[in-house]
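One protein chain, two forms: both are listed below as structure tokens, the first as structure 1 and the second as structure 2.
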Structure 1
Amino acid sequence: MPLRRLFPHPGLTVFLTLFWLVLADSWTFGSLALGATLATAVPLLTAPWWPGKPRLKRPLALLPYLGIVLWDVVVSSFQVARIVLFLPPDRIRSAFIAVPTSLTSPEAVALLAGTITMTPGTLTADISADGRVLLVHALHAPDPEEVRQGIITRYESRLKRIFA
């Protein structure tokens, strides 16, 4: 059996193996063997449903993007804590905001939606059928346009440079 058939997504196999070792918190041969087996089986069994490989124009640009997202998660955690603890409930301005996106890759749209959801205070509630509009719920959005523009300039513009 050619290696490509056994490992249809080799990067995913490596990632899942390492992720298993971190979750298991056990760097033993048995844990590695089980992780490698699962990491080989999952992509192999799900390969028929994968539309193809995502085209990354600049894969190394994912590292700074990850740094920005982690920084935003930390900062947003403090902002959400401040809103919840100190802002009177009648002054909290929650809103659903439609965020149009010009991303064409389904993987890029999914990464944008996941980034929004991981950032405390925002949540991707829905994605339009064509993948062109995200419905985002913001805990506190006195200016919804500012939230929309922040998502587009901070995340979407970077994802455009990463994905072809």
Structure 2
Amino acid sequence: MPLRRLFPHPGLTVFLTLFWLVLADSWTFGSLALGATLATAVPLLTAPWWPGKPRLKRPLALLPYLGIVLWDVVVSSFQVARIVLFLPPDRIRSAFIAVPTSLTSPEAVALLAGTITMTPGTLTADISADGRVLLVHALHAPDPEEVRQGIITRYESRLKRIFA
């Protein structure tokens, strides 16, 4: 399979080509050729650091997920703004919360960790060495259990459906 060897990550190659075209802002054959060359070379040169391939069960389900996350980022910023501007600093109840996750693929866990950071009131601070528990810092959480349940029902369940 020489074709497979030349393109270890076909999706990444297509993505990098498009990325190059957008960044160069010129939709000509010349940029396409240069972009395609770079997009072939970069996955080949970085292949040692990409041992696995992310397996998506339902790639299209990523789009509504990103929509939800984007909306939550807006909500989250309003919440942080309210806490920063109006809550007296000594009344902010911050807490570290351990959130167990049943996601197994590293890509899914990484996406969950990023989502937690960008969504209301929470920030991923660390992961357990076996990769099964995330350490989450909540900016203002009078009820930690509610935060834990919120993350599991809103994001983790959806990610579980997307990743096989």
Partner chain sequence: MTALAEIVVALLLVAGGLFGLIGSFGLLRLKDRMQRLHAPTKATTLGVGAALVAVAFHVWLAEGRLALREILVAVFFFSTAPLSALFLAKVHLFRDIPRDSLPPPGTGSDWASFTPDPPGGKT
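Here the structure is a predicted model, which means the values were calculated and not measured. Note that the rigid core is defined as the largest set of C-alphas that superpose within 1.5 Å between two forms. Along the sequence of structure 1, residues get numbers from 1 upward.
Enquirer: May I ask which of the two structures is the form predicted in complex with the partner chain?
Expert: Looking at both, the form predicted in complex with the partner chain is number 2.
Enquirer: Can a Cα shift of no less than 2 Å be assigned to Ile68 between structures 1 and 2, given superposition on the rigid core?
Expert: Comparing forms between structures 1 and 2, the Ile68 CA shifts below 2 Å.
Enquirer: Relative to the superposed rigid core, does the CA atom of Val42 travel 2 Å or more between structures 1 and 2?
Expert: Comparing forms between structures 1 and 2, the Val42 CA shifts at least 2 Å.
Enquirer: Note yes or no: does the Cα of Leu21 move by 2 Å or more between structures 1 and 2 after the core is superposed?
Expert: Yes, Leu21 moves 2 Å or more.
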